[in-house]
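Only one chain is given next, in structure tokens, and it is the form predicted on its own.
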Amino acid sequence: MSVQGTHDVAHPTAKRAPSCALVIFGAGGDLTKRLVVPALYNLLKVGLLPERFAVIGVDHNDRTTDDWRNGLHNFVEDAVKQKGGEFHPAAIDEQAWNRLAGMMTYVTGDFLETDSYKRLGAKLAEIDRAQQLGGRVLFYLAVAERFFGAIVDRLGAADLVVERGDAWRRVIIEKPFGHDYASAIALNTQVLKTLHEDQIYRIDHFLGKETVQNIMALRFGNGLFEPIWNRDRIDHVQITVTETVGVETRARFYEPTGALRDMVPNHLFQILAMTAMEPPVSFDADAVRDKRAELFAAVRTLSPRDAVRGQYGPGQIDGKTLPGYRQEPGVAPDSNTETFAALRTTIDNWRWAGVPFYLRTGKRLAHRYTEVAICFKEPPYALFRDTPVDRIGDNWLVLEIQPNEGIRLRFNAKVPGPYMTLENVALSFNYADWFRQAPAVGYETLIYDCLTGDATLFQRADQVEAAWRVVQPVIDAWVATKKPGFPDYAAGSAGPDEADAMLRRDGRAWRKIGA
């Protein structure tokens, strides 16, 4: 695709968020260091953070504010040196960092102790008076799932989430929101005793990726695509989210979780919803979330026969020999935890009846890659009966989400020469060729939306529960039955053979990862 020019990403309608305080529970954790603080830094650099803003870190470790700030600076400094990392400016702008650091305060506190919330309330009141923040506070629960309900309960008991006039109080809750259908319902019930639904921002960082958001722009902003975005023209859809990393040091979390719980009800289903939802009447948050909720309600509850699980064994990636999952630190030698999951889902509505959506995700696969691939139905090839079959390929619209962001269209074109011969070719658009984007870790848009009260990209209670409802029979079956033959795919491969067999039964095949 020829590129006519390169454009800076501009946000002509974006304004600074209103003055407020951000309280981060889990201030010493990996999420805060790796994603939340770099996102705040990037928002400051582009002028979207409030002019009057305070960041209060809360954690159980007894440390000073200076120690917390310096630890974050050192982590970010190391991160910018790592080529290909999530945080990728050329260097830290020390002046900008010092501005952000000057907004930071650390409070030592146990998440389960009442006194911690009294100290936090006193610190918030002190900072609010000094900086005139208007009583607005955003609480970020960057903590383990077991603390979500407990922290919300204690915030409520300490009168820290009561809204008065323009003094809003909002809470960001990270994934996983529950670990099955019953626990998701229980957690929703618990937090909704203290908070109103419009105060809760259930975050999924996949929805912060530009290409995921661009699915809606591609569909609804172009007359070319929406008329053919249905069962009449689309044969099937493949959604792939693969990683080259293994479980590494996260066995304590991953062993009771696995690939299905970790990735499907949140990341993959959110991409599915963007791809398959009906057009909203506007981009108002409620209008968009209503359509996503309708979509989840139409997704048929999965049967275990429509799901495949796998676990990686020893293998090689980029010439490096790697251990199998069962050899990773903290993993049981006979672990039944899946590191790969593939699903065949169907949507029972007018647009998608009869169109299967195939989803797969896994660790230690050949490439780190995320895409949505839409396969269009074949035309009659009677005119081209003499063309070699191996030259004719399917028509694909491929939305690449990571590591590169772009859109590719595969179609058949005539090979130059005197004979009518077809060959499958590609037309490509790459974001990096057209737009100069500011460095981002994927959380910038989501945090900004929380600060401004835009809930479009966040899940409601009904969406969360519907997603868990779809996968619950598979979870139950996998928990009840020990899978024979683990491990069943080598590190560096494309996954287990059973996943290929699932598509072969339908007369289809997975796209090559990263192709």
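What you see is a predicted model; the values in this text were computed from it and never measured. Residue numbers here begin at 1 and follow the sequence given.
Beyond what is shown, the protein has a form predicted in complex with a small molecule; the following relates to that form.
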Inset, instruction - Answer for Phe376 alone: is it within 4.5 Å of the small molecule in the predicted bound form, judged on heavy atom distances? - result: no
Inset, instruction - Flag Gln327 as yes or no: does it have a non-hydrogen atom within 4.5 angstroms of any non-hydrogen atom of the small molecule in the predicted bound form? - result: no
Inset, instruction - Determine whether any heavy atom of Phe253 comes within 4.5 Å of a heavy atom of the small molecule in the predicted bound form, and answer yes or no. - result: yes
Inset, instruction - State yes or no: in the predicted bound form, is some non-hydrogen atom of Asp262 no more than 4.5 angstroms from a non-hydrogen atom of the small molecule? - result: yes
Inset, instruction - Check each of Tyr106, Tyr201, Tyr358, Phe206 and return the one that places a heavy atom within 4.5 angstroms of the small molecule in the predicted bound form. - result: Phe206
Inset, instruction - Scan Arg344, Lys363, Lys123, Arg289 and let me know which has any heavy atom within 4.5 Å of the small molecule in the predicted bound form. - result: Lys363
Inset, instruction - Using a 4.5 Å heavy atom cut-off, indicate which stretch of 245 to 253, 108 to 116, 139 to 147, 303 to 311 touches the small molecule in the predicted bound form. - result: 245 to 253
